[in-house]
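What follows is one chain in structure tokens, specifically the form predicted alone.
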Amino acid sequence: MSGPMKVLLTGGTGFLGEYLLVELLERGHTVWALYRSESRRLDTIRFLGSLGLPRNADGLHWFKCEVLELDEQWDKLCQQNHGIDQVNTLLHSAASTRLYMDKLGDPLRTNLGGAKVLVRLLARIPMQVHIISTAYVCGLVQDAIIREINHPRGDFVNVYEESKWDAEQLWHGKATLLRPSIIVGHSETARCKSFTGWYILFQALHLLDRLLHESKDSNRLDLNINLPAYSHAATNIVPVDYVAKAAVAIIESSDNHNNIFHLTHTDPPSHQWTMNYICKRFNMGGIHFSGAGTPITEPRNLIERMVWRQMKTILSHFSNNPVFDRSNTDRAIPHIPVPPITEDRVTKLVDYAIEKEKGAL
């Protein structure tokens, strides 16, 4: 590391953004954190305070602005926030994680629109740029090894992945692209702020568990369900603290700048491992993998319809199975291991979600 960075951080009150703040502050960098909501900023301040951060008064500065207005408001922000014009690093973490388009046009509006705004800002204010993207910009893939390269447009599972691919095209060769896989809670505390993504799998099975309890005609240990996916394939989940630690360590070295890095798990749990855990956790059985592309058998009775309604909710979590190459990442940060995914760790994650969401799982 050549010296402390002066970082403009977007998305600092988000789930990953909070842990990026932690890493940046603990490693002695000065951060200018953009925020939109005062209540979320206060929540983040309380979280940082629980960790004893920031450790000096000059380490963290907040400024209020919409990402989509950042280029238009920059001159005004510089007048109102002394020292913000000295930032030399942009770490862009703000994003909409919606999987499907809403009436406001998100996630495309925020993810692609925000990237365009920052491109315009960077034309005026020189900074080294680092972008939090997603490993799933590769699109729909079965078992293939995905390299740390700029991918051609693929068949995307959802609009979120497509919006991130579109944004990456604006930055290719001009920014460091940090591509985490599916981010889950902290590896030790299980802390999480948003129970979407991977957690939807457990929400669906938890609801199915309750429905089966109410049905006296079902055999919960022999549901006779075949999922159209491969049992050996894996859903790549990675703890939020690893992603933050890896991202900050990577951008600290100029040797890594403007390259692409997969912040993915080196040994993700296979679908069969995950299903075995689910069946044990919720006391159900008879769920099998029949291979990708296998036709879905139509339900024949009320019980099967009830089961399949929940199964269809989780099929997207089994349908996309790339294997992520990490050559750049392993070369850049060989000293930062990925916490292993164990049964105890998954139990912590699920228990935390149940406690915080008050029965949502």
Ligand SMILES: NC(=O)c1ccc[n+]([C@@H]2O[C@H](COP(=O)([O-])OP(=O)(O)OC[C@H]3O[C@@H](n4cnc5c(N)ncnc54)[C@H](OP(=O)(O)O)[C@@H]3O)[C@@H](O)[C@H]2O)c1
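So that there is no doubt, residue numbering starts at 1 and follows the sequence shown. Because the structure is predicted, anything quoted here is derived from the model rather than measured.
The same protein also has a form predicted together with this ligand, omitted here; what follows describes it.
Among 64-72, 24-32, 318-326, 47-55, which stretch sits within 4.5 Å of this ligand in the predicted bound form, heavy atoms only? Of the options given, it is 64-72.
Touches this ligand in the predicted bound form: residue 271 (any heavy atom, 4.5 Å): Heavy-atom contact with this ligand at 4.5 Å: absent for residue 271.
Is the gap between residue 160 and this ligand in the predicted bound form 4.5 Å or less for some heavy atom pair? Residue 160: contacts this ligand in the predicted bound form.
So in the predicted bound form, is this ligand close enough to residue 245 to count as touching (4.5 Å, heavy atoms)? Answer no; every heavy atom of residue 245 is more than 4.5 Å from this ligand in the predicted bound form.
At 4.5 Å between heavy atoms, is residue 352 in contact with this ligand in the predicted bound form? No, residue 352 stays farther than 4.5 Å from this ligand in the predicted bound form.
If you check 176, 235, 89, 134 against this ligand in the predicted bound form, which one has a heavy atom within 4.5 Å? By the 4.5 Å heavy-atom cutoff, the listed residue in contact is 134.
Within 4.5 Å, heavy atoms only, which of 190, 223, 201, 183 is in contact with this ligand in the predicted bound form? If I apply the 4.5 Å criterion carefully, the residue I get is 183.
Is this ligand in the predicted bound form near all of 37, 93 and 164, within 4.5 Å of a heavy atom of each? Per the other structure, all of 37, 93 and 164 touch this ligand.
Within 4.5 Å of this ligand in the predicted bound form: residues from 245-261 (heavy atom criterion): Sequence-ordered list is empty.
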